[in-house]
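Have a look below at one chain only, the form predicted on its own, in structure tokens format.
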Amino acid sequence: MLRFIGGQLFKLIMLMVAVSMVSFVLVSLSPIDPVQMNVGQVAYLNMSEVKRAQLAEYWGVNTPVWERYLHWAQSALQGDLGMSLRYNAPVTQVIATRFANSAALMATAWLLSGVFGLLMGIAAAVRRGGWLDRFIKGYSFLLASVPTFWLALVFLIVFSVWLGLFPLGFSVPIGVSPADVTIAQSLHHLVLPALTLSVVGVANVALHTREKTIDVLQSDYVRFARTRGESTASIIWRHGLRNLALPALTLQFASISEIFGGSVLVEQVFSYPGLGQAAVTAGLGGDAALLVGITLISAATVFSGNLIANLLYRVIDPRLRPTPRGMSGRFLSKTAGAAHE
């Protein structure tokens, strides 16, 4: 276990280094002029050359990318991710402020897509060939090909503009101080963005769970259980869930990256102040420090999801648990001796 934890920690460190380097290189290759984007084109044209040079030095436009990266890396090792030039605040403060909103949004969508995807996949497999199976497959194939931002716009028009059931955007009511916002108001603003992300995520989980459930229902032990008079619900509950859990967990934790990417588009459509919206602002403004910080957080989140999935595998399936050294040899020798007798 210590070797496993050490290996995963080493992978995480290498991942953080690679992600930070690639992010810095991509920002440096961007054709966006950070000074002009953040000052404004009109103000930039009316600005003197001396002032332009000062702003360029402040933004580090003329500094080589490797020099900026080394300076950032030295500060990052001390816990300082730099200053966000767009928000005029430390990167850690900007991320901490917006991470709570994004975490609530993505966690809600992740749980809803996993639960409903699993239930829909099992229902489609049990009613294979029926109208429910055809409906779930059609729903899944349709939503799997629908862009997230388009679905968000449709939901915004239908539920916010036409029906008026949900607010048009933001995470709190307009004109209300964040300290005065109630939990009910926050949930009211959270429902529609989370519903958009979960509806898209349900499709893949449902389709994969359906195929695995069909394989389970066609297995020999399920046929034997049917001959003993067990119902389909009892078979799924007692024999099928353990076999369905592994592929469902694999797909569900792998979908964290998709939900993270989809949240960027959803937050833009609903003007939801999360990490996705901050990432777009940083990218358009050439704010390298903030963009790298958000990228590191997203990479660490996806890595943690995959790590949790690997650990849960060993809990659900005993065959994946590591055996003590020498145990397998003694077990095989005893098995061989018993077979000989």
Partner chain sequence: MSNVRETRGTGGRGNCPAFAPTLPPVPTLHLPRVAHRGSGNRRRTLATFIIAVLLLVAVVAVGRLLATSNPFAAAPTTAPAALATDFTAKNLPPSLSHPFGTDWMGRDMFARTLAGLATSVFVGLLAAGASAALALILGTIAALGGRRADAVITWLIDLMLGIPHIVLLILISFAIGKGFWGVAIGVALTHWPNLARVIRAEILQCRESVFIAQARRFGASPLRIVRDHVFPHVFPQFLVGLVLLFPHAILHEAAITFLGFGLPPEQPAIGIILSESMTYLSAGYWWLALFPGIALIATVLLFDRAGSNLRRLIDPYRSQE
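Positions refer to the first chain, counted from 1. Values in this document were obtained by computation on a predicted structure and should not be read as measured data.
Another form, the form predicted in complex with the partner chain, is not on view; read the next lines as being about it.
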| remark: Exactly one listed stretch (245 to 253, 73 to 81, 222 to 230, 195 to 203) reaches within 4.5 angstroms of the partner chain in the model of the complex by non-hydrogen atoms, and it is 222 to 230
| field | Partner contact for L307 in the model of the complex: the partner chain, 4.5 angstroms, heavy atom | value | no
| said: Residue-level question: is T63 within 4.5 Å of the partner chain in the model of the complex, judged on heavy atoms? | reply: no
| said: Although the partner isn't part of this model, could you tell me whether S30 comes within 4.5 Å of the partner chain in the model of the complex, counting any heavy atom of the residue? | reply: yes
| Do A18 and the partner chain share at least one heavy atom pair within 4.5 Å in the model of the complex? | yes
| request: Could you tell me which one of T97, Q268, T108, S186 places a heavy atom within 4.5 Å of the partner chain in the model of the complex? | output: Q268
| said: Please tell me which of L132, A89, A103, I157 lies within 4.5 Å of the partner chain in the model of the complex, judged by heavy atoms. | reply: I157
| query | Mind checking whether each of G6, Q8 and Y313 has a heavy atom within 4.5 Å of the partner chain in the model of the complex? | reply | no
| said: If you apply a 4.5 angstroms heavy atom cut-off, which residues in 246 to 281 are near the partner chain in the model of the complex? | reply: S257, F260, G261, V264, L265, Q268, V269, A279, V280
